[in-house]
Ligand SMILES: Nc1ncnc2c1ncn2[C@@H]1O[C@H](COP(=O)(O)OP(=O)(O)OP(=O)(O)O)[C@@H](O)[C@H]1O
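One chain follows as structure tokens, the form predicted alone.
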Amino acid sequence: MTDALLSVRGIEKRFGGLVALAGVSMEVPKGLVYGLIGPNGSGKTTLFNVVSGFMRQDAGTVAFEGRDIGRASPHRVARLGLCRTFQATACPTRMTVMENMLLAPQDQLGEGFVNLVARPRGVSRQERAFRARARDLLAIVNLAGKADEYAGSLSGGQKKLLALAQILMADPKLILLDEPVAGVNPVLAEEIAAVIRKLRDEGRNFLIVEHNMHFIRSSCDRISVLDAGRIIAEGEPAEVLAREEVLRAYLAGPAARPAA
């Protein structure tokens, strides 16, 4: 695909004698919510860690907007516009939701002592702009009414929405969401799905790892299925989830599936 934002080719990753990824190749096009699914132990989180720079692959390449990022640090990957969340949110619970949002922007003038002394007006102007942007994003994720509450008072699903809003402060080109509705009640899970669809319609791009198949069907435009470190299917969710090899992968435990 010529419009691929993210392209991985032949990614291999081993942990001692365990093969976590066995030559994974996939492309994430622009303008889509792309899902990455598979049974437990299939390699989804490992692939996320490789793509986002938190883990080095043993072989293969990762390209973002045509640029090789396979050896880039997580900080460098994020600066290029590829940002991720994690399964467990880690927002400071004794800070307000707004204070958490204001931790997110990069290159804040107020972080430098010289700027505080030499450019106080510039620092204040930037802080006002960040605060206004944070208010707008909190409204998008339905947390505007929680801005002055402690982050620790949020439900699990609301914390995931906060994590998404924090990422949006960096204006990323591709957002990687790791199990955005895991442990979230169905009502809030649908709210998260609606937010993602709205952001997609506004031009945001997503790659999502998730086990909730209802969420995958309602949110994703295209999916790839990992099983035992290999991509076994890809395409539109309804068609892919009906394939025999996909059903077999979910119904059979790893020990029951044929060796590579």
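Don't overthink the numbering: it's just position in the shown sequence, from 1. Owing to the predicted nature of the structure, the values given are computational and were not obtained by experimental measurement.
Just so it is clear, the following notes concern the form predicted in complex with the named molecule, a form of the same protein that is not shown.
In the predicted complex, Ser124 stays away from the named molecule, with no heavy atom inside 4.5 Å.
Mapping the unseen interface onto this chain, Ser224 falls outside it, with no heavy atom inside 4.5 Å of the named molecule in the predicted complex. The named molecule is not shown here, and in the predicted complex it never comes within 4.5 Å of any heavy atom of Ser153.
Contact annotation for Ala63: none of its heavy atoms lies within 4.5 Å of the named molecule in the predicted complex. The contact with the named molecule in the predicted complex, taken as any heavy atom within 4.5 Å, belongs to His211 out of Lys198, His211, Arg217, Lys30. With the partner omitted here, the stretch from 22 to 30, 42 to 50, 63 to 71, 190 to 198 that lies within 4.5 Å of the named molecule by heavy atoms in the predicted complex is 42 to 50. In the predicted complex, the named molecule lies within 4.5 angstroms of a heavy atom of only one residue of 160 to 182, namely Glu179.
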